[in-house]
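A single chain, nothing else alongside it, follows as structure tokens in the form predicted on its own.
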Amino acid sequence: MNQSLSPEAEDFASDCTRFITELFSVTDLDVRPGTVNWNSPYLNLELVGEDADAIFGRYGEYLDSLQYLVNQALVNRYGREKRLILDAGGYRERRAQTLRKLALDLAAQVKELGQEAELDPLPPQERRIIHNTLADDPEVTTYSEGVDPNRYVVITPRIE
């Protein structure tokens, strides 16, 4: 582990890394757990190896699926209070930058046209990026609509 964790967080991190190690040990892919950072209640785990960049999938869907699988496998032991966030090759940060730019561009469009804008469906952590990016903008507000996995963000002019 790369930083000092509480015993329970250490157990969670250990179980996550063990699960991922065992999962990839039966494949021909060179992927293994790398850097671990705890940002309660999230464990951020970077996957490394020659094939790590190949497991994103389109818009990170393979990475999201693997993340979901590990979280579901450990929910009985740790509950839903602790969550794993997987990354590979810095994908999550690049995606976050793209989403922040998209949020700002759409907010500018909403302000200019006075009409709301709907984004495509996004996973929860990506919707959170949109909401957080625009949270302090006095001219627009955001909310989520729909049911997962088709839940999406709406950006709308703020009505005083």
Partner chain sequence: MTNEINESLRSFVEYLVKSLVDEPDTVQINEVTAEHSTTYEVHVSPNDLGKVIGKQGRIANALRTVTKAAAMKHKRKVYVEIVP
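Residue numbers count along the first chain shown, from 1. If you're wondering where the values come from, they're calculated on a predicted model, not measured in any experiment.
Below, we turn to the form predicted in complex with its partner chain, even though it does not appear here.
Any idea which of 46-54, 129-137, 89-97, 108-116 reaches within 4.5 Å of its partner chain in the model of the complex, heavy atoms considered?
After filtering at 4.5 Å, what remains is 46-54.
Can you tell me if Y42 lies within 4.5 angstroms of its partner chain in the model of the complex, counting non-hydrogen atoms only?
Y42: no contact with its partner chain in the model of the complex.
Test of understanding: in the model of the complex, would L66 fall inside 4.5 Å of its partner chain by heavy atoms?
Answer yes; at least one heavy atom of L66 falls within 4.5 Å of its partner chain in the model of the complex.
Although its partner chain is absent from this view, report whether F12 comes within 4.5 Å of it in the model of the complex, heavy atoms only.
Outside the cut-off, so no.
Please run the contact check for R151 against its partner chain in the model of the complex: heavy atoms, 4.5 angstroms, yes or no?
Contact check for R151: no, nothing within 4.5 Å of its partner chain in the model of the complex.
Members of 8-41 lying within 4.5 angstroms of its partner chain, judged by heavy atom, in the model of the complex
Going through 8-41 in order - heavy atoms within 4.5 Å of its partner chain in the model of the complex - the hits are R18, F19, E22, L23, F24, V26, T27, D28, L29.
A 3 angstroms or greater change in CA distance between Y91 and G57 is reported in the model of the complex. Closer or farther than in this form?
Closer in the model of the complex, by 3 Å or more.
Indicate closer or farther: the Cα atoms of D105 and Y59, in the model of the complex, relative to the displayed form, with a change of 3 Å or more.
So the answer is farther.
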